[in-house]
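As structure tokens, the next two blocks hold two forms of the same chain, structure 1 and structure 2.
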Structure 1
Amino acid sequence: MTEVSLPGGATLEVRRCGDTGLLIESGDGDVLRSLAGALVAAAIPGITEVVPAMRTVLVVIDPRRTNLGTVRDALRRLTLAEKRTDQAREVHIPVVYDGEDLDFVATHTGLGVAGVIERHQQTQWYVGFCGFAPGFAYLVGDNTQLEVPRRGESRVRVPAGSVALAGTFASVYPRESPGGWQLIGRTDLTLWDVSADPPALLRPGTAVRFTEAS
């Protein structure tokens, strides 16, 4: 494990991940998301993939074009953006708030149905990372009042477009799949389209606002 200090004072823990990867860790999720964006923007020769997660960023290289030591040195020269979101890509998601778990969320949070809807729309969400299924974005916000547990038992089928909460995250199911998040509504917006480039509407750093569907 190697510690790497970035301009501005942030410190990262960098570990080898096999022969062609570096796993970068930090307790500050905002730093990692800014780092992932900076790595993509820098277009460092030989880096083939940058995969952000909750507390890590995986960097994969092509060993024919670079080596892990060179990439590790490049990390030290990166300047992180102050903004954690790509405000130019703010996506508005219209929601019909009629989810099966809306009443539970209203009771659990003590906000009532109207309060849950209001805070869900007022919160500035952004995509922290993606996972679970293609196009499934974990949305991070600064409103702790919407924190709820996962369901005790997952549903076998959650319809595409279901708007959900779990833990401190919000998300929208991009296609039908099993799932254990609390469903509060639904949207007709397409989040995953294999014919599009890129196929995922929501990507790490994208800002998201939920609105009331007309």
Structure 2
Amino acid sequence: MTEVSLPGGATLEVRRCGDTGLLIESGDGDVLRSLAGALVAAAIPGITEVVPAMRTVLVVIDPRRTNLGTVRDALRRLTLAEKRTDQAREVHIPVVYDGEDLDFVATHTGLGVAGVIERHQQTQWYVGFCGFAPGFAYLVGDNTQLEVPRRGESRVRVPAGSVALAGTFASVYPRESPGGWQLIGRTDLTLWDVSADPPALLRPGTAVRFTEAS
């Protein structure tokens, strides 16, 4: 592990993943999100993937085109942007709150059904990272009152558009898949479309608001 200091003063812990990856860690989520954005914007030759997660950003290279030393040097020269979310792109997701686990969430949080819906809609969410399945976004909010455990047993089939909670995250299932999150509602919005560019409606940094479906 080595430490890298950026021009703005932020310090990052950098770990190598073989000869194709640098795993960059910071305790400051804002720094990570800015870093991921700056890495994509810098378009450093030979970088094939920039993968944000909760505490890390993974940079993957094509070792035929560059090497990790070159990328680490480029990292030192990055200037991080101020804003953490892509506020210009706020996505509104209309929800019908009739999920099978809504009553459980209402009881578990002690908020009641109306309280859960209110918190879900009032929270300013943004996409921390994607994973689990194509287009599946982990939405991070400032409202920890909606913290719920995953289901004891995961469902074999969760329909596309299911609006769900797990831990302190919210999400919407982009495609039908198995899943263990608590389902609180559904949306008709298309979240994943391979013919669209980009194919995912929710991408790291996208701001999200849930609204009542009319």
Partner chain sequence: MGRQTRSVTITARGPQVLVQDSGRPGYAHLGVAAAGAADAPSYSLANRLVGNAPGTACLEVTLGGLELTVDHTTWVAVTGAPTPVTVGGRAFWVNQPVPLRAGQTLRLGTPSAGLRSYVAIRGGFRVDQVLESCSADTMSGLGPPPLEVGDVLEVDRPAGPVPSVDSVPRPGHGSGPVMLDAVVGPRADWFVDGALKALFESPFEVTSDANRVGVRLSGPPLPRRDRRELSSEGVVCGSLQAPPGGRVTLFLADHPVTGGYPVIAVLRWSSIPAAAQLRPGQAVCFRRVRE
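Note that the structure is predicted; figures quoted are calculated from it, not measured. Just so we're on the same page, rigid core means the largest C-alpha set that superposes within 1.5 Å between forms. Quick note, the numbers are simply positions in structure 1, starting from 1.
- Of the two copies shown, the first one, structure 1, is the form predicted on its own.
- Core-aligned CA deviation for residue 65 between structures 1 and 2: 2 Å or greater.
- Residue 28 is among the residues whose C-alpha shifts by 2 Å or more between structures 1 and 2 once the rigid core is aligned.
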